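Quick setup: one chain, the form predicted alone, written in structure tokens, and binding and motion questions come after.
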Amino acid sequence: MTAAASTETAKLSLNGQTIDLPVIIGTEKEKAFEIGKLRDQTGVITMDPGFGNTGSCVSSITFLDGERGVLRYRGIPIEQLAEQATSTETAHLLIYGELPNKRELEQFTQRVSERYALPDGMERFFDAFPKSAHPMAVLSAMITVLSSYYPQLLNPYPTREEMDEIILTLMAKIPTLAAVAYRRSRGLDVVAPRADLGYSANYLNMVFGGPGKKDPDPTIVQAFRQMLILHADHEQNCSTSTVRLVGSSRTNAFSSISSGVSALWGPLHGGANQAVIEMLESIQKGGGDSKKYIAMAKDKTSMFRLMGFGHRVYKNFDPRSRIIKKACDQVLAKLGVKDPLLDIAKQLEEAALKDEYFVTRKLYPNVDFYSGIILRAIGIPTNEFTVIFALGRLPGWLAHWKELVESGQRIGRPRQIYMGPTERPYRPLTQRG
């Protein structure tokens, strides 16, 4: 995939030399300076810590406009997908570029469900982890272990058939890995996957089901489905960029996705919804006075930070939060949960939506705020929250890995500006005091 060049150019002047920088324009009229030859032409590189102004690739998967609060998968608004699509439809859209027709959806769903079960003997690996192991550590490691059962899928230049098999295998087995890890860590019997349930319902049943248990409640399944869809992709975020960077070395998809899980683990990324609950717990321990903590959040001298409000890329309302707020309200009403943490969350939400300080700064509750509340309400332990995020983001990771491989993009290799000592001699140990 190549970028569309425009007739515009930018001029860069340095030490009497002027060069033209081509301008490329995306389908949504985003613009970028093409600087691929900058170092060759000038001996200079650009510096952009955090890559907030740097495009690393051309992609046709997701469009995000933070200023307008827009998120679309392959051109389709997130609001429409969350309301009408299944998580499997959304995965097909992200990975293959189009919504499936009825026959394609049936085939895709069946091919995924046929692969739910883990390879024989793989469950014994879970016993090697200590009880204190974080679920994200287990998931990342077990995805790598999974690759050892599929040597035929480790081709650095996979065929179309191999690529499809890789995608189906990871889509099917990663939720099973997560569910088995959850059950084993709590000394519970493993619940076998069920092909007769949908993708979301099957995962919930593997976690909470068992002999004599009812099928997952439709309201919870609906909220969980929407959560997976809303988290399915988010352009070039930290974990997705990691998947692409690792994949650019032509390592296998198992390794790339495992790396994405590790990147997502961080509290500034996938761990944000866990941080919301931990914040609520700290407020409760501090007496539960939400007004006190709202005031602290507005005080520049305070170390307290209100988690789950605002977003790095959205300068307006996070479009996902409107959808998941509705799902959150439905789940809480359905379950009739009485939880002091959720009461504190509602107080913070109400204050932030009305308080001029938050409104003028557009510090609205984001998707992490509501997803954390939903997961707590349905009984997911806090340290499992980021695993759910990973399950949601999986189709996006696979879509970006596939796009990267098909594009033939060269290996990623960022530059740096060295700020260490200049050349100096080696001093023998006897001369170092």
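Residue indices: 1-based, along the sequence shown. Since this is a predicted model, take the numbers as computed values, not measurements. Whichever C-alpha set is largest while still superposing within 1.5 Å between the two forms counts as the rigid core.
Quick note: we don't show the form predicted together with a small molecule, though the next part is all about it.
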>> When the small molecule is placed as it is in the predicted bound form, are Lys173, Arg244 and Ala253 each within 4.5 Å of it, taking any non-hydrogen atom of the residue?
In response: no
> Going by a heavy atom distance of 4.5 Å, is Phe317 a contact of the small molecule in the predicted bound form?
Replying inline: no
> Taking the shortest heavy atom distance, is Met307 within 4.5 Å of the small molecule in the predicted bound form?
Replying inline: yes
> If you check in the predicted bound form, is Ala297 within 4.5 Å of the small molecule, heavy atoms only?
Replying inline: yes
> Can Asn237 be called a contact residue for the small molecule in the predicted bound form at 4.5 Å between heavy atoms?
Replying inline: yes
>> Counting any heavy atom within 4.5 Å as contact, can you tell me which stretch out of 205 to 213, 261 to 269, 155 to 163, 120 to 128 lines the small molecule in the predicted bound form?
In response: 261 to 269
>> Under a 4.5 angstroms heavy atom criterion, identify the one residue in Ala390, Ile374, Val367, Ala399 near the small molecule in the predicted bound form.
In response: Val367
>> Counting any non-hydrogen atom inside 4.5 Å, which residue from Lys346, Arg312, Arg194, His134 sits next to the small molecule in the predicted bound form?
In response: Arg312
>> After core superposition, I'd like to know whether Ile76 moves between the shown form and the other one (criterion: C-alpha shift of 2 angstroms or more).
In response: no
> Superposing on the rigid core, do we see a C-alpha displacement of 2 Å or more at Leu348 between the shown form and the other one?
Replying inline: yes
> Against the rigid core, is the Cα displacement of Val359 between the shown form and the other one at least 2 Å?
Replying inline: yes
> Is the CA-CA spacing of Asn53 and Phe358 tighter or wider in the predicted bound form than here, given a 3 Å or more change?
Replying inline: closer
